[in-house]
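One chain follows as structure tokens, the form predicted alone.
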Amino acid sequence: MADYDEEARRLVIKLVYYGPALSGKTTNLMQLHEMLGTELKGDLMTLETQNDRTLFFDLLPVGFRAPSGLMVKFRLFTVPGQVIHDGTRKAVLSRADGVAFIADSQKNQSLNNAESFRNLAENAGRVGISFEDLPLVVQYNKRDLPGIVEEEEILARWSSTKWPVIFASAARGEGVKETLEALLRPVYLSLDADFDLETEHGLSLEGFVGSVLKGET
């Protein structure tokens, strides 16, 4: 679903941070904005959503140039977590090349996590995305808080799936970069199949991942 402009030699990749309300999606983007070098990042934009002055999603554009001269740009979004804003979630999810699902590790949030993940799968289908083929990583955030689900239990829950699980405390900057890296890898494989990134543009998997993360400060 990436936006490829052959004439302009530009590939725009869309990554979406999805999850229940207050799970830490925005915190992840804010931490990434601090971690990435200034040559890679654009402005962090906050857009308030109608009817809730505290509800917003963010856009973080970053990019680099491949050896062939192809400009590769990323747009990172979060979605509003509240149920009443499902229409906005679908709009943001549309044409996504990869999704980071941000779950809340607190025991009392398990149901909200499950409902949000089910909503992600349903909305992917509604906007024409094959959920089974969608590059996806699961982050369990707020590991620094009390009353959280044990890692062993979480890993057991997800053991039958193909998606990597990352443990994080986004407020402390822990697991944020690792989540992005874990997502970039399947995104590259998907895009390489469509656009021959390695053979046509000299852009390997490690080069792709490293070009985004090398700006970490």
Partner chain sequence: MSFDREADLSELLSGEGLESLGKSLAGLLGEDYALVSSKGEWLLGRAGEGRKSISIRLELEPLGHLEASCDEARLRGAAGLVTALLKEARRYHMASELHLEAVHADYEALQEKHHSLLKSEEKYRKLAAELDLRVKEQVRTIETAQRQLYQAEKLASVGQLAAGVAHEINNPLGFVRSNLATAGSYLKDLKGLSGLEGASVSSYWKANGLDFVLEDFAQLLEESVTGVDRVARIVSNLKDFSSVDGSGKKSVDLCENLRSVGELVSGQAGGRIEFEYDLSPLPPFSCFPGHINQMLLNILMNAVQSIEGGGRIRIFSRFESGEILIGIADDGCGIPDEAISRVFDPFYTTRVVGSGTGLGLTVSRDIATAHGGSIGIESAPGRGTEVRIRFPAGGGK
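Positions refer to the first chain, counted from 1. All values derive from a computational prediction rather than experimental measurement.
Keep in mind the form predicted together with its partner chain is missing from the figure; the text below concerns it.
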Does its partner chain get within 4.5 angstroms of any non-hydrogen atom of Gln106 in the predicted complex?
no
Taking 4.5 angstroms as the cut-off for heavy atoms, does Ser110 touch its partner chain in the predicted complex?
no
Answer yes if any heavy atom of Phe77 is within 4.5 Å of a heavy atom of its partner chain in the predicted complex; otherwise answer no.
yes
Contact with its partner chain in the predicted complex for Gln82, defined as at least one heavy atom pair within 4.5 Å: yes or no?
no
Can you say which of 162 to 170, 65 to 73, 149 to 157, 23 to 31 gets within 4.5 Å of its partner chain in the predicted complex, counting heavy atoms only?
65 to 73
Any residue of 89 to 121 with a heavy atom within 4.5 Å of its partner chain in the predicted complex counts; write them all down in order.
Lys90, Ala91, Val92, Ser94, Arg95
